[in-house]
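Before any questions on binding or motion, here is one chain by itself as structure tokens, the form predicted alone.
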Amino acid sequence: MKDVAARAGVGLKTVSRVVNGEPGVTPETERRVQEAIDALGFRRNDSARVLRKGRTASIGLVLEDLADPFYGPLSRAVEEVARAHGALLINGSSAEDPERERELVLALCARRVDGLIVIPAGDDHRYLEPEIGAGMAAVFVDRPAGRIDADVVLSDSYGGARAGVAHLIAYGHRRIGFVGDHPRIHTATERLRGYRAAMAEAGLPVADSWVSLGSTDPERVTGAATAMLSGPEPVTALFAGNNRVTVTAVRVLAGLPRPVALVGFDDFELADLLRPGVTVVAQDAAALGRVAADRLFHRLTGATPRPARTELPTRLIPRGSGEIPPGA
């Protein structure tokens, strides 16, 4: 900074103001300082800045799986909000492993990120209490935190699943199978609850063999769907609990001699180009990320409202697969 100041003919404080985007510098002076910065290849020392201000201008994002297409728009939205606040986004994947989530979150805390956005894999987040007590801001997305009181931004999994199953019932289906994710995951249990609610409201029974929760591995999903679609009284429709389950279900149904109705939770790429197009309950992943990031930066400004739960609506998109009647 001394070299920049000498070359531009200004004081150190003026260089600091230009580097940090602070007011009080004339356009001509700012131009001279910027020319000196460019000529000397000056870069701000962020480590020193952290020591001085106690802030790193960075936030952490912990996702379930970086390869899952659902998290692409969510991550991008968080990054855009962070960028608007002059912050760097650091993200990583828990691989749906609670211990890996804990290790990753605490590693980000050790690197002194200013705040965290977490899609939780575990159901006990008391390990974060010392960090939050020390001023760390944390917002949970898609699923609530476990055993601590924290901000959370969710989609209406219950209402979306209920609407999707009611849609199948409206087209005449009475035997509807549900294939979902692990039962320990909040979204899986909420979507199952919505499925059961829609069936109960229509006065329809639910056989144990019509419900399967577990890994979204294609082999497991294929086995579960095939079992439901076999036997003397197979289901006539499937409700898939997330995008990965839906994609596998599409492959299973493509190999059958008869059409079977399908509604999936989560939209996915090319769902509208298949024949028939796949009817889905769409959630707004970008809105989840944007609302969560806005909440985080609101807390980082010093605002300390009580932790809040925000639930965003879902949208049923009929495309053809959910409108196939029984016995078509």
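Everything numeric here is computed off the predicted structure, so don't read it as measured data. Numbers follow the displayed sequence, beginning with 1. Throughout, rigid core stands for the largest set of C-alpha atoms superposing within 1.5 Å between the two forms.
Although it is not shown, the form predicted in complex with another copy of the chain is what the next lines describe.
Using a 4.5 Å cut-off to another copy of the chain in the model of the complex, not one of 138, 166 and 308 places a heavy atom inside that distance. In the model of the complex, at least one heavy atom of residue 273 sits within 4.5 Å of a heavy atom of another copy of the chain. In the model of the complex, another copy of the chain lies farther than 4.5 Å from every heavy atom of residue 182. Although the partner is absent here, residue 27 lies within 4.5 Å of another copy of the chain in the model of the complex, judged by heavy atoms. Contact annotation: residue 242 falls outside 4.5 Å of another copy of the chain in the model of the complex, judged by heavy atom distances.
For the candidate set 211, 90, 148, 229, a heavy atom within 4.5 Å of another copy of the chain in the model of the complex is found for exactly one residue, namely 90. Contact annotation: of the candidates 108, 152, 224, 235, the single residue with a non-hydrogen atom within 4.5 angstroms of another copy of the chain in the model of the complex is 108. Of the stretches 110-118, 168-176, 154-162, 192-200, only 110-118 has residues with a heavy atom within 4.5 Å of another copy of the chain in the model of the complex. Of all the residues from 244-283, those having a non-hydrogen atom no more than 4.5 Å from another copy of the chain in the model of the complex are 244, 247, 250, 251, 254, 268, 269, 270, 272, 273, 274. A displacement of 2 angstroms or greater separates the C-alpha positions of residue 13 between this form and the one not shown, with the rigid core held in common.
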